[in-house]
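Single chain ahead, written as structure tokens, the form predicted on its own.
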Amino acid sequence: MVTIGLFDSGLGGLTVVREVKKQLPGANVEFYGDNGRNPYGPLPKEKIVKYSRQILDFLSTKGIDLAIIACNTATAAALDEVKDAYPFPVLGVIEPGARGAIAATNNKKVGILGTQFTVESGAYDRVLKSMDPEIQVFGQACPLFTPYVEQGKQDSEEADQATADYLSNLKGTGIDTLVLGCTHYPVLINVIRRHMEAGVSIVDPAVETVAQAKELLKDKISAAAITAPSYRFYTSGDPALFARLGANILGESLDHVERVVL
């Protein structure tokens, strides 16, 4: 049985855990949500890299076979710095998200919703254009989205208004594909769809990311798990709040949530 370690600035990475449960139902999961120090979007790169190293060092004590940086901001800031520092593969979510966008777009016009850091870093722009130089990228920072998800306000009037405001900036660009460039944003998928122009494909990078993980782990994945997989969650914030809000994202209760401050 394989064990996958994942981390995010908070609850958003649970959308990637959700995808792990779909594609790798027999895998154990060790997840760290850095709720006590989020959001990462406004932070300088050096601090995000530091936090990412601390968390990967922690996850490396859990016997993991592969790690996923289930955070676009941390992927943009830290993946290149940390990917070769551990004895297991370390994946980010940006390159898989870009692959999903390339596969989905017909007119080569792609919108990116992300944190301030992810959008300003140009990470998606660089990766997409390395895959197809003709791609046009339109980025939109959505700084209020992560706090809304962390506060359980994804269905609030405030979130609806913020979504309308952010997506209005993409109208007229002609995009036919929109990448949810933050793992918190799939939690807002219904309100995003409501305000997105009809016919635009929405890409969740978690799908391609977990597919890549599955391919890398194929030689370690047993045909049938002997025991049920374990799901363990750690947070630098409030475990009770993490369990309550996290259950809404995963669609089931989180039985093991432990507070770990790094």
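Heads up: residue numbers just count along the shown sequence, starting at 1. Not measured: the values here are computed from a predicted model.
Form predicted together with a small molecule: not shown, discussed below.
Engineer: Each of 40, 71 and 182 near the small molecule in the predicted bound form, meaning some heavy atom within 4.5 Å?
Structural biologist: Yes: 40, 71 and 182 each sit within 4.5 Å of the small molecule in the predicted bound form.
Engineer: Does any heavy atom of residue 105 come within 4.5 Å of a heavy atom of the small molecule in the predicted bound form?
Structural biologist: No, residue 105 sits far enough from the small molecule in the predicted bound form that none of its heavy atoms falls within 4.5 Å.
Engineer: Considering non-hydrogen atoms and a 4.5 Å limit, does the small molecule approach residue 163 in the predicted bound form?
Structural biologist: Looking in the predicted bound form, residue contacts with the small molecule do not include residue 163, since no heavy atom lies within 4.5 Å.
Engineer: Heavy atoms within 4.5 Å of the small molecule in the predicted bound form: which of the stretches 164-172, 126-134, 182-190, 82-90 has them?
Structural biologist: Looking at the partner contacts, the answer comes out as 182-190.
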